[in-house]
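Shown below, as structure tokens, is a lone chain in the form predicted on its own; questions about how it binds or moves come after it.
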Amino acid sequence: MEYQVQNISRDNFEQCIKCTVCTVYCPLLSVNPDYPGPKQAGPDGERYRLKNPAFYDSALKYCLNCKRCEVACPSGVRIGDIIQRARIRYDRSPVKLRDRMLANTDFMGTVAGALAPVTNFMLRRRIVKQGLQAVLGIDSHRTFPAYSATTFAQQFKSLADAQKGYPRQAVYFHGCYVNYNYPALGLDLVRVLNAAGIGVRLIKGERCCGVAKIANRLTDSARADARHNIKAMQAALGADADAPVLFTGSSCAFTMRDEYPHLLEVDNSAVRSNMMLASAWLAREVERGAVKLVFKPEYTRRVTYHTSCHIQKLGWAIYSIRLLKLIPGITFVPVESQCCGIAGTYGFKKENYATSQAIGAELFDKLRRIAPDVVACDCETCKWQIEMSTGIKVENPISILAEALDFEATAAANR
């Protein structure tokens, strides 16, 4: 007689076969004994929580939401979603001021950017860092990303009219990091796409993707932003329904594709198939012959690629690696995919800093031994963590591509 498991949950926990593969692949468990592990925190704990919410364990707050447990699971159980949904549903502890500040990236970016020279100077001072640790609980060892005095959206205005003249179009979700901290990455993407004969449209009034708000339990605000973003994205696509919506941040792409429906219950089906990481989309376009790239013959660099946790979940790292390998002057040195430990705002918090660094320690040692000219990575917070912890420069694959590209020859090849 055959038996069929009937699911009663949205996250498929009934399919858990208790193999503990998720436990083996959890980067947190080996460095934090207070965390029960993905199997116990996820499907095992959910069985109890469904019977009585009092079984909720506050130790679930230690989960990085890296999704490596889900990548490893042979049964397709959404373990990370189970844990995060339990935090959203059952954790009634007040959200700290620090967590609200870290999560509200648009507000903090606007304020910090308006005073960028002063902000950047102050955030480098040890006494200021010690004060932030004492008052807010932001670890004093953490290095902050610099803020730009002008946002990417402001800088793009001078390029906007020219974008309409290109025969193909792409929509770009630039995200908080590009907008407030590193407009150069957004400008690199525009230059590369323009050389390929593709114009760029921004999403009017885009808000933060919500990854930080989800992690810090500001769910209602994240849901409101998500609904706004999906509507704004549809408006940006307009009649060009098949145009790609490109991201230069892997966590933004992952959050808007998967977390919106799974955790926030926001329907993104109208635009989900359009969403793609810029480096992955370009690699595909080159492979099918729709885009031609011509590189500087003198360009040479020794490069390795760090697979961020969320791009590992999306399964797109192979495309970024293929894109880098298209550059003739690159010597590519592979490194095993491992969590760097920062997990967005997680590694900024005093209570998590030591754990964050312990998780990334093995990766940092490997990168030091490889000693590349640059580490390529599609995640901005991984960039901050690796640069701070190893001293090795980290760049998005799009910026490396822009550095290696012969723009005039590429533009001519794509006419």
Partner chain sequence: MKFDVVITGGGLSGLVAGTALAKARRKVAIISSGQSALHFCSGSFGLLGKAGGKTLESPLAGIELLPPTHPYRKMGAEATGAYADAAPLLFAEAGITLKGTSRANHRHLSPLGKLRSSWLTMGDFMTFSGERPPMKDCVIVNFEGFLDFYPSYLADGLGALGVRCRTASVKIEAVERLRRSSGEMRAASVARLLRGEALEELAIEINKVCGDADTVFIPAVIGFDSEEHLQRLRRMVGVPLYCVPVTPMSVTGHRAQQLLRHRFGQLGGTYLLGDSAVAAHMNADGSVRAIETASLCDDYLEADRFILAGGGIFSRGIVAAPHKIYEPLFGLDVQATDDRDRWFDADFFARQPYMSFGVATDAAFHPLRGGSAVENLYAAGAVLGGADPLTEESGAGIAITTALHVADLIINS
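None of the values given here were measured: they were computed from a predicted structure. Residue numbers count along the first chain shown, from 1.
The following text describes the form predicted in complex with the partner chain, which does not appear among the structures shown.
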Within 4.5 Å of the partner chain in the predicted bound form, heavy atom basis, the matching stretch of 384-392, 371-379, 32-40, 342-350 is 32-40
Answer yes or no: in the predicted bound form, does the partner chain come within 4.5 Å of a heavy atom in every one of 192, 243 and 407?
no
Which one of 316, 156, 173, 182 is close to the partner chain in the predicted bound form, taking close to mean a heavy atom within 4.5 Å?
316
Partner-contacting position among 291, 71, 230, 215 - heavy atom within 4.5 Å of the partner chain in the predicted bound form
71
With the partner left out here, check for me: in the predicted bound form, does some heavy atom of residue 78 sit within 4.5 Å of the partner chain?
no
Even though the partner chain is not shown here, does residue 267 get within 4.5 Å of it in the predicted bound form, heavy atoms only?
no
Does residue 306 reach the partner chain in the predicted bound form, with heavy atoms at most 4.5 Å apart?
no
Check residue 284 for me: does it contact the partner chain in the predicted bound form (non-hydrogen atoms, 4.5 angstroms)?
yes
Contacts from 253-268 to the partner chain in the predicted bound form (any heavy atom within 4.5 Å), listed N to C, are 257
